[in-house]
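Quick heads-up: it's one chain on its own, the form predicted on its own, in structure tokens.
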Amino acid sequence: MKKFVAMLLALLLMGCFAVAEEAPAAKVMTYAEYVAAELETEVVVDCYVQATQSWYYNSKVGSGVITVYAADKDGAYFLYEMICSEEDAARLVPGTKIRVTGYKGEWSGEVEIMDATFEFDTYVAEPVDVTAFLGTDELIGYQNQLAVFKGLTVEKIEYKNGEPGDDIYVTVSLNGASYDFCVERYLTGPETEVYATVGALNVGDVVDVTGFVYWYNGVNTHITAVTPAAK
């Protein structure tokens, strides 16, 4: 009997402390799916800000709120008193893309998204390692992408006009072949860390180079970062 009670208590404790599986993220709806959704159901839409009403602090919900007129290519949305900080409200200018999660509601015939929260829909690319493609025809397939080249040896550093302030031309080598890269002053000018880092490189340094795979009579990567190569 005691053994049975002990087992029962153990099972109860396991139930108390079991971790619930995380619910899957709600699917982003098309405008047609949003229109078809029942009232009082959760909706998630991607849309673009068209205009906003004034931001204010709503003491009832304990947060700032803003009402937004939004649209996509298929229709439009009214986002009523969406939770929003004052700083984020200033960023909700016409054309800004946001992902909105809330509940489809109705007020005196006006269909709207209520109790909504949002996030700015942004994308920042991670650099792709294309070292293996340097010197091959395949590299042009990565044109304009943010990429990293690893284990390059510095052969020459030259300022465009002979002194700091303009573009820096960087010649690097890998497996016996040389390549011309560039610090583009309009992208990473003299005030940036990468400009100073490249200017301080020495011939023979072995580095990893990150940049946009620009093309000028061959690869001419616009450098955004340089670090010592991992040993």
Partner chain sequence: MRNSEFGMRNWKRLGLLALLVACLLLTGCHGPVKKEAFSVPSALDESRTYEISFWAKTESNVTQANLYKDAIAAFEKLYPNIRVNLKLYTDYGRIYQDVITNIATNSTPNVCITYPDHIATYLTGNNCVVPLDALMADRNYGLAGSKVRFDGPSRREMIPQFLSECVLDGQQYALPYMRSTEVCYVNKTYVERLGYTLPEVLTWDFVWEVSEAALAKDENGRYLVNGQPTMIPFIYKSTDNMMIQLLRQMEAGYSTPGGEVLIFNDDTRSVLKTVAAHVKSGAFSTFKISSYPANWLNAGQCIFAVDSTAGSTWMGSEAPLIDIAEESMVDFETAVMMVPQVNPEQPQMISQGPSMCLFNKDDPQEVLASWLFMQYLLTNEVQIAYAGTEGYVPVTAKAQESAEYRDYLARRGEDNELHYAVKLDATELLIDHVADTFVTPVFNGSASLRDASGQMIEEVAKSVRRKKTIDDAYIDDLYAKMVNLYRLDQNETGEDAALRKDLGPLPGTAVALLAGLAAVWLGILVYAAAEQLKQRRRAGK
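Positions refer to the first chain, counted from 1. Being a predicted model, the structure only gives us computed values, none of them experimental.
Same protein, other form: the form predicted together with the partner chain, not shown, and the subject of what follows.
Of the heavy atoms in residue 201, none are within 4.5 Å of the partner chain in the predicted bound form. With a 4.5 Å cutoff on heavy atoms, residue 155 does not count as touching the partner chain in the predicted bound form; it lies far away. The partner chain in the predicted bound form comes within 4.5 Å of a heavy atom belonging to residue 115. When the partner chain is considered in the predicted bound form, residue 106 lines it closely, a heavy atom lying within 4.5 Å.
Contact with the partner chain in the predicted bound form, judged as any non-hydrogen atom within 4.5 angstroms, is confined among 175-183, 61-69, 161-169, 29-37 to 61-69. Residues 54, 55, 56, 57, 59 are the members of 44-59 with a non-hydrogen atom no more than 4.5 angstroms from the partner chain in the predicted bound form.
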